[in-house]
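Presented below, as structure tokens, is a lone chain in the form predicted on its own.
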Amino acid sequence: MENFINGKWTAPLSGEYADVINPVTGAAFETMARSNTQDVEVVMEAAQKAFKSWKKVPTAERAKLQHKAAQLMRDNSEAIGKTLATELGRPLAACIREINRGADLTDYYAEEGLRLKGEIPMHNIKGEKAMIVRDPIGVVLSITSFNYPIALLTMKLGAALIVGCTIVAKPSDDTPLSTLMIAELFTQAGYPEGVFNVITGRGRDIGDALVTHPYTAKIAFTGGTSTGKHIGMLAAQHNKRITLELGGQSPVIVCEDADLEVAIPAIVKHTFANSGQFCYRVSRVYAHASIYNEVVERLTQHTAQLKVGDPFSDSDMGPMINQKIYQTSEDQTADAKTKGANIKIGGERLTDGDYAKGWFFPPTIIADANHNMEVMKNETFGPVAGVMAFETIDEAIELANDSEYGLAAYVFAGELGQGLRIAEELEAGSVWINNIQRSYHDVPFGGVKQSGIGREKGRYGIESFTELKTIYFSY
């Protein structure tokens, strides 16, 4: 597939293409443009030109277009979902849900954008008013990870477009096709040329050029912490606005009086969804010593029920996206085993039969873990979780906070006051108590510490794509 620029398919000026790999078979099934810095100039010029007129379109008209695009996403969710399942390896049903949830978020942003307001302070000075308004920030660069390409895109896309920004999306090299399909749908919905563009290629070829380009007003990035720091450094040198949603190593505290009938299924589901390839998954489990053995056994039993396989079968988990992502799970499991941990289930790559050509790692529970082990310190981004006992609540909180990350955390407690007290002390951008739901569209999502800067979703996400302007008016 080619780049999507100015509302049409556009061949890369580099003349080069790269394979898109099916992670189940290891075989190429499509191509993407391998763009260079000349292509960057073309796409940024298109977005900047479109911004000059798009920012003047009434918000109500932008909202109508956004609702229409959201409906087209739903209408085409199965086709896009099949492409996403093929390029990512996640079960098809989950891929289709991602497209529909992305459509829901796009709809939400359209309505929330209509609710944005300015202010006129009551200074009560004769012949004078001060008006506070919001202007669209300009051309937005969206850079997203492979794991939830449409969810991560729509977090940025819907918020940027509704306030009058234009956008250049740079999807992951591993999962670019679904993003390109979404861009074509937005053009079908009636968006003007240049408002939503997609450029593909290796980050090392075009990443810095996109970030530092004079027309780039803001970078909205979701991905690894090291890449986020690099983007933040470049953005700071050019005084550009950023939102960075980075890595996570999320803990769950299971108190002595927790309802394990609720806690265990929720933890297992959230630990191994998408083969563990997402940033706010449960990575570390801290269970009170009095129930530790029961928690470990229940986690193991529920994990054993998960089926690993082809995304077009009835599997719960597919393969890892590539060897680089896979390797961390294998390395952290080996490290834990060497340091005395007990691998309760999983722990070794699946290679027989249908597993032979993909990077399949089974859901893995590591008992008797401690903070000398990599699995309890560093992001795994795979289907591995460590389990550790604690004696007191204060100890559990200290262990949970003993991380450079702070994206999400989870608590299961029978005494609700205790659960709330723990949640208040956990260092995380979001904390769930007594269940684990999807992040809601109308509340902020993002992290603290090394998990990022800024927030997405809700009005908070929309406001981050605007600049405040004060107008002093004498009459």
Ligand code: NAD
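For every residue, the number given is its place in the sequence shown, counted from 1. The structure presented is a predicted model; accordingly, all values stated were derived computationally and were not measured.
One more form of this protein should be noted, the form predicted together with the named molecule, which is absent from this view; the next part is about it.
At the 4.5 Å threshold, heavy atoms of G248 reach the named molecule in the model of the complex. A residue is said to contact a partner when one of its heavy atoms sits within 4.5 Å of a partner heavy atom; S145 meets this definition for the named molecule in the model of the complex. The named molecule in the model of the complex is approached by L152, whose closest heavy atom lies within 4.5 angstroms of it. Remark: S403 does not count among the residues lining the named molecule in the model of the complex, judged by a heavy atom distance of 4.5 Å or less. Look at 181 to 189, 120 to 128, 388 to 396, 240 to 248: in the model of the complex, residues with non-hydrogen atoms within 4.5 angstroms of the named molecule sit in 240 to 248. Put simply, of V168, I231, A217, V282 only one has a heavy atom within 4.5 Å of the named molecule in the model of the complex, and it is I231. Proximity to the named molecule in the model of the complex, defined as a heavy atom within 4.5 Å, singles out one entry of P311, G164, G223, G81, which is G223. Interface residues of 361 to 394, taken as those with a heavy atom within 4.5 Å of the named molecule in the model of the complex (partner not displayed): E379, F381, in sequence order.
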